[in-house]
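In structure tokens, one chain follows: the form predicted on its own.
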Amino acid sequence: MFGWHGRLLQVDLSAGRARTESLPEEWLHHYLGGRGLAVRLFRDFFQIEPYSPEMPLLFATGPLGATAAPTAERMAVVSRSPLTRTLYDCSVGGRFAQQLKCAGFDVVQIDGRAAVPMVLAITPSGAELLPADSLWGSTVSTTIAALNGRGSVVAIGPAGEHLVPFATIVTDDGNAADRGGLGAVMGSKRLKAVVVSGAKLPEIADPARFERAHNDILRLFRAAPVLFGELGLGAYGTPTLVDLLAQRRMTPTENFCKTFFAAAANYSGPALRAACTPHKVGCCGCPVQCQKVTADGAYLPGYEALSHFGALNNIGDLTAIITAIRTCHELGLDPVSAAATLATWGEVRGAFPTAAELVPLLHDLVWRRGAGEQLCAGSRQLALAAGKPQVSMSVKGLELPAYDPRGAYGMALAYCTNNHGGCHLGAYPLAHEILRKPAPTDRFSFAGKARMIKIAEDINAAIDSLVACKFAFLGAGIEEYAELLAAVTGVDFTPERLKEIGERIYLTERWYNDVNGFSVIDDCLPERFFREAGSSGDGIEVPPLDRARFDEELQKYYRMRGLDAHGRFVDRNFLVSLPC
């Protein structure tokens, strides 16, 4: 077998044992790896409660991992989210994914619950459980430092231990499975960290074909201004979006009451460069290097966290914003959901938090004391408890990221059709509505958006299963990655075949939601976006969304997916129709 190892490591924390299983080759060909393979593996588990010992937590690599394929040293971290109650996958880059593949495993499945806190150590010969009593309660950086020398590390912080439903799993190179609360699932298993090391590289079927495809992709990367341009991701990282989104008047401000924040320039890419003199780093095998670190090795935050601790909470103090985001990192909190929950709380009480209040509130949230008792369950539960459910700016319980949907109508639709909830990455309409890739579309129009979102969701499901970075597709295309995949595996993968696989993955997730009771009621934005205008100015009008046109386009989307008017499956034997 080329590309894959065909091996799954299953770890039972309750029994304290591990075993290796073979993965059916048919599954790998039909679901690839990462998100797709995890979706297939979850067929027997998707109805289990997130914190049940029987709920698996998966770390799944892709067929391009450890091959020098650009931006493909990534993994999918997958389980059922305690925040949204949907199956949730996070695409995470870095050394851990590479080392896991080099340990000889495509997937690690962690079941059960340890009697006492544990660290899981993975090597090519299997797994070992190590006592972690001394690490329980430690911050992320303390835990990672304590395990230095044993391999690459992923760890949870106190938020995961305390089952905060938006807790993260953080890697030793600054990346994170940061959304959906998978850190709380790991904490429920009393698993503090996982370390992995290995040196077993997968074989490539056709090295010469791989080299040609690899060079084609790098050439396209270099020709893409959004990646390597003067103001591109390579130069400033995602904070380069601060100025662009402000200029488009779609910066969520004061809990989405406004769409323009005058002080946004305080935490823009140029502002970070002036204040922190960062240098570039990146995931293994990534030439873009969109991450930025200071001279002392501290990682600088990305756009969404900056914007939500900034504009969303009406705070323009760069030092306070960075300190709050670093506090989230140390505690193992998703900074987007944490900031959005603080903004919801601010609207409920009639005063957004001050810069000085941020860090104490984050600690209170994790330890459930004072206002933290309200904040710890996320914005939806907080708003419900306050009798104001309309002030939670979330879809399916997932707090919206920093792109106001009144300024990008494809984004409005994509937030709702995403199987995880209010996430921009399922269809990534930012590419064509704002970044003009592969071609610009009218951001203030719903025309054609149902079809665009459907196609993009299918392609991105395949990308998440390779597992590659979505930023790569702002330069290269699915055609080049299909060629790369064929070279690695020796299997005739084409762009059309990858789209078919992506559609299978998306629909399987949708089926799981359907069985778990999700429907059109859950595919809707907060009412604010249909009733209140954004912040017009500089010749840009930002009206409320047209409810009738939104509903019309959503119904078009359902018909393209073969769903009924309620967003549910007409074919109740959907799973039986799949090839495996």
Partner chain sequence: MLSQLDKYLGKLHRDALVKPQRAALLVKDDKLLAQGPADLSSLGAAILERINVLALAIAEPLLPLTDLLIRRAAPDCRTLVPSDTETRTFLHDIPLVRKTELTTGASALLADLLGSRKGIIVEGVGIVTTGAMTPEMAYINWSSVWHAVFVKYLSDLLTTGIRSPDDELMVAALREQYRRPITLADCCVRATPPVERSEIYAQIERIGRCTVDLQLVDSAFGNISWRDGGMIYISQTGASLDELAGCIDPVPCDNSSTVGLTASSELLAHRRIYEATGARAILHGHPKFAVVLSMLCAETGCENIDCWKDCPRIRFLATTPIVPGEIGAGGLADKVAPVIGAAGTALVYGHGVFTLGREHFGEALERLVAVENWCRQEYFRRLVVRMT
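Computed from a prediction, not measured in an experiment: that's the story for all the values here. Residue numbers count along the first chain shown, from 1.
Beyond the structure shown, there is the form predicted in complex with the partner chain, which is absent from this document and is the topic of what follows.
- Just one of Ile434, Met250, Ile110, Ile122 comes within 4.5 Å of the partner chain in the model of the complex, counting any heavy atom, and that one is Ile434.
- The partner is absent here, but in the model of the complex a heavy atom of Arg451, alone among Arg368, Lys200, Arg451, Lys388, sits within 4.5 Å of the partner chain.
- When the partner chain is considered in the model of the complex, Arg219 lines it closely, a heavy atom lying within 4.5 Å.
- Mapping the unseen interface onto this chain, Asp458 counts among the residues with a heavy atom inside 4.5 Å of the partner chain in the model of the complex.
- Not displayed here, the partner chain is approached by Met560 to within 4.5 Å at the level of heavy atoms in the model of the complex.
- Residue contact with the partner chain in the model of the complex: Trp345 places no heavy atom within 4.5 Å of it.
- Residues with any non-hydrogen atom within 4.5 angstroms of the partner chain in the model of the complex fall in just one of 250 to 258, 222 to 230, 172 to 180, 76 to 84: 222 to 230.
- Three-residue candidate spot Ala18, Gly137 and Thr143; no residue lies within 4.5 angstroms of the partner chain in the model of the complex by any non-hydrogen atom.
- Taking the partner chain as it sits in the model of the complex, the stretch 462 to 498 comes within 4.5 angstroms of it through a non-hydrogen atom at Glu479, Glu480, Thr494, Pro495, Glu496.
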